[in-house]
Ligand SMILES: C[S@@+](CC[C@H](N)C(=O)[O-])C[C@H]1O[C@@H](n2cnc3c(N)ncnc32)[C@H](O)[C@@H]1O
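Starting off, we have a lone chain in the form predicted alone, written out as structure tokens.
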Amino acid sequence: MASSMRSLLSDHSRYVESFRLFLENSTEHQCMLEFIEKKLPGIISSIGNGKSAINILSVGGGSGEIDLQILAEVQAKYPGVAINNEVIEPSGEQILSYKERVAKTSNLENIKFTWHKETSSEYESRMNEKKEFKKWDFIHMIQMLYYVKDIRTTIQYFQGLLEAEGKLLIIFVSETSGWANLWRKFGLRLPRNDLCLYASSADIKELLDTVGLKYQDYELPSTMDITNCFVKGNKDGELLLDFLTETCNFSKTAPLDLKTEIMEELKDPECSKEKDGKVFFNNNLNAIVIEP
């Protein structure tokens, strides 16, 4: 590996910019929202039975866009019931965006929000130190398990905090996606970061089977327009390439052979489809719902 290659996570502002472009060019949020509208009501159908308050824990809640959609579905299912929504999020910037979003959203009167500026492992350590084992009716971990040191212990810890009728929702990149293909072929040649795991939903399901946890999974079809990645010198394309490879300034710092192989792979049918002169990367997600 060329020594000049470094993880995209080492440059926070570039990561944020490339992530914003990823959301603009992909159906990531749309496919999640469709899942929340169509499938979530059935999944949460018994979490609040007979309760005067529902406790929800958002692990890696980001800026809150998806969280508020989840809360709207819980409110619709349990009208008038109080909701305690606690958020674990290490980025102060994201928490600020979340708070601003809440301030602009109506019909949240029955929801109490609490934010914890920390990682999931810091939360776990803090709770263990306080010997506090609060139980939750619904816990969700959306697109965040890439950034933990140990996926298995993280899932087991939070699954252990579920109430008897509770549910733990994980949304993660699908084993059928272009991501899984890229990481399988090139993961060892890209810069590794302590907090970025090249895993897919297949790894999570295998882990759940091994420890004997019950779960259901749902495929969430999604695409990302990566046409600009093939336009030399295109700034947006370069940022999207950074995001795809988790590498800061990939097009400028990657060895020529690696860059050539990855650009060819991105056009391979296992990764992308070409339609009307555009290249659409397979961004499929998997939603996994774990029982107590």
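Just count from 1 along the sequence shown to find any residue number. Being a predicted model, the structure only gives us computed values, none of them experimental.
The discussion below concerns the form predicted together with the named molecule, not included here.
key: Check all three, Gly60, Ile66 and Pro90, heavy atom within 4.5 Å of the named molecule in the predicted bound form   = Yes, the whole candidate spot contacts the named molecule.
Q. Given that the partner is absent here, does Cys248 sit within 4.5 Å of the named molecule in the predicted bound form, heavy atoms only?
A. No.
_Any non-hydrogen atom of Tyr147 within 4.5 angstroms of the named molecule in the predicted bound form_ = Within the cut-off, so yes.
query: Is Gln75 a contact residue for the named molecule in the predicted bound form, using a 4.5 Å heavy atom cut-off?
result: Residue-level check for Gln75: no, no contact with the named molecule.
**Message:** Contact with the named molecule in the predicted bound form for His29, defined as at least one heavy atom pair within 4.5 Å: yes or no?
**Reply:** Yes, contact at 4.5 Å.
- Quick one: from Thr119, Ser200, Ser222, Gln159, grab the residue that has a heavy atom within 4.5 Å of the named molecule in the predicted bound form. If I apply the 4.5 Å criterion carefully, the residue I get is Thr119.
Original post:
Quick one: of Leu168, Ala180, Leu71, Ile142, which gets a non-hydrogen atom within 4.5 angstroms of the named molecule in the predicted bound form?
Top reply: Of the candidates Leu168, Ala180, Leu71, Ile142, Ile142 is the one lying within 4.5 Å of the named molecule in the predicted bound form.
Location of the named molecule contact in the predicted bound form, chosen stretch of 78-86, 147-155, 125-133, 103-111 [non-hydrogen atom, 4.5 Å] = Heavy atoms within 4.5 Å of the named molecule in the predicted bound form occur in 147-155.
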